[in-house]
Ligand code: GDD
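Take a look at this single chain, the form predicted on its own, given in structure tokens.
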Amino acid sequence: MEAIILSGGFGTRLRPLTYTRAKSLLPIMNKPMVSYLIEMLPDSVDTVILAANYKKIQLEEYFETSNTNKTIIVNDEPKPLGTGGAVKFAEKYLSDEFFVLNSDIICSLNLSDMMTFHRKHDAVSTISLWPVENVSEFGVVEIQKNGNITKFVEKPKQEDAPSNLINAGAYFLESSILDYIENGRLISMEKEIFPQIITDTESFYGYQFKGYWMDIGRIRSYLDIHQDLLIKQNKNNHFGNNIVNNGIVNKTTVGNDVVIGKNSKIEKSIILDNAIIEDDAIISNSVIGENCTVCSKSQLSWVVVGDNEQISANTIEENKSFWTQEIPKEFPKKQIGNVIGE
């Protein structure tokens, strides 16, 4: 059996960290995001197809040296194809049923249980569902007691919402859905294909799960997932290898080969590999990229620093992105310096 992991997005809301890496390789607790998804897969999934476009060589290089016990195929899309187009482009690798996973979702979903639910209901498509408080920010489903989805309602008013359940980014699909998808164009599975399947088959189901769910689509949620995982793992900090720490670190994830200077204080932050934090720096609720230097007596709060940057001594900044290098030509033209809460 196969699983498609949708890894072709640019990660524009995670810039500047995604100027230098594929979004799905962004580390969470010092481990690439995509590895969490592969670890979720049932043993019956022996082949993983990475729908890739932007930074696809990075993905190839990572999996050349990673032991996943599964066949990994980096499926190089000639252009961004959306969720539906990516699935169709992988058709030659697919058998009778398969998973499709968004690459930026970290959650407690049990995919084996979801697969059992799908087969029990003889479904054509089953999607994962997660409850939210503010339905007006999402598309929600109209669903029957047996799990059959009858409609998607986009961003309803609270009083008009048919449920509080949203699409949680994991699908288990029968191969017959491939007949609904055209070749070679950008297609949204969620907006174009799923409504057709609901109308034609009346066999479109939703599987609700419990535990935790987070869309790692923004810098704020990237910070939040680290805080959540520290709590779940009953840790105050998470440290990589070869750390030199002469400061005070609290509720922070620190990568490999990081140096933290005397009297520096770091709280609720992410420090990626090979970073240097000089003496007397204060960093809170921030992300410091790989190979960065934060010079002495700097104070950073709600800041994200892209890879290979240097923050000058005595810098005091809040709610800012740092990027001084050239933006990759293939990256969509977006404003640099978006606030961290965007």
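Heads up: residue numbers just count along the shown sequence, starting at 1. These figures come from a predicted structure and were not determined experimentally. Rigid core (definition): largest C-alpha set, two forms, superposition within 1.5 Å.
The same protein also has a form predicted in complex with the named molecule, omitted here; what follows describes it.
Handout entry: Non-hydrogen atom within 4.5 Å of the named molecule in the model of the complex for each of 242, 257 and 279
Key = Per the other structure, none of 242, 257 and 279 touch the named molecule.
Exercise for the section: Would you point out which of 244-252, 172-180, 268-276, 135-143 contains residues with a non-hydrogen atom within 4.5 Å of the named molecule in the model of the complex? Expected result: One stretch meets the cut-off, namely 135-143.
Exercise for the section: Quick one: from 294, 283, 305, 51, grab the residue that has a heavy atom within 4.5 Å of the named molecule in the model of the complex. Expected result: When the named molecule is considered in the model of the complex, the option within 4.5 Å is 51.
Exercise for the section: Would you please decide whether residue 155 lies within 4.5 angstroms of the named molecule in the model of the complex, comparing each non-hydrogen atom pair? Expected result: Yes.
Exercise for the section: May I ask you to state whether residue 16 is within 4.5 Å of the named molecule in the model of the complex, using heavy atom distances? Expected result: Heavy-atom contact with the named molecule at 4.5 Å: absent for residue 16.
Exercise for the section: Examine residue 90 and determine whether its closest non-hydrogen atom to the named molecule in the model of the complex is within 4.5 angstroms. Expected result: Residue 90: no, not in contact with the named molecule in the model of the complex.
Problem - 4.5 Å heavy atom contact, residue 192 to the named molecule in the model of the complex - result: It does not: once the named molecule is placed as it appears in the model of the complex, residue 192 has no heavy atom within 4.5 Å of it.
Practice task
Scan 59-82 and note down the residues that get a heavy atom within 4.5 Å of the named molecule in the model of the complex; none is a fine answer too.
Solution key: 77, 80, 81, 82, in sequence order.
Exercise for the section: Determine whether the C-alpha of residue 185 shifts by 2 Å or more between the shown form and the other one once the rigid core is superposed. Expected result: False for residue 185: its C-alpha shift is below 2 Å.
Exercise for the section: Tell me, please, whether between the shown form and the other one the C-alpha of residue 156 is shifted by 2 Å or more, with the rigid core used for superposition. Expected result: Residue 156 C-alpha, core-superposed: shift of 2 Å or more.
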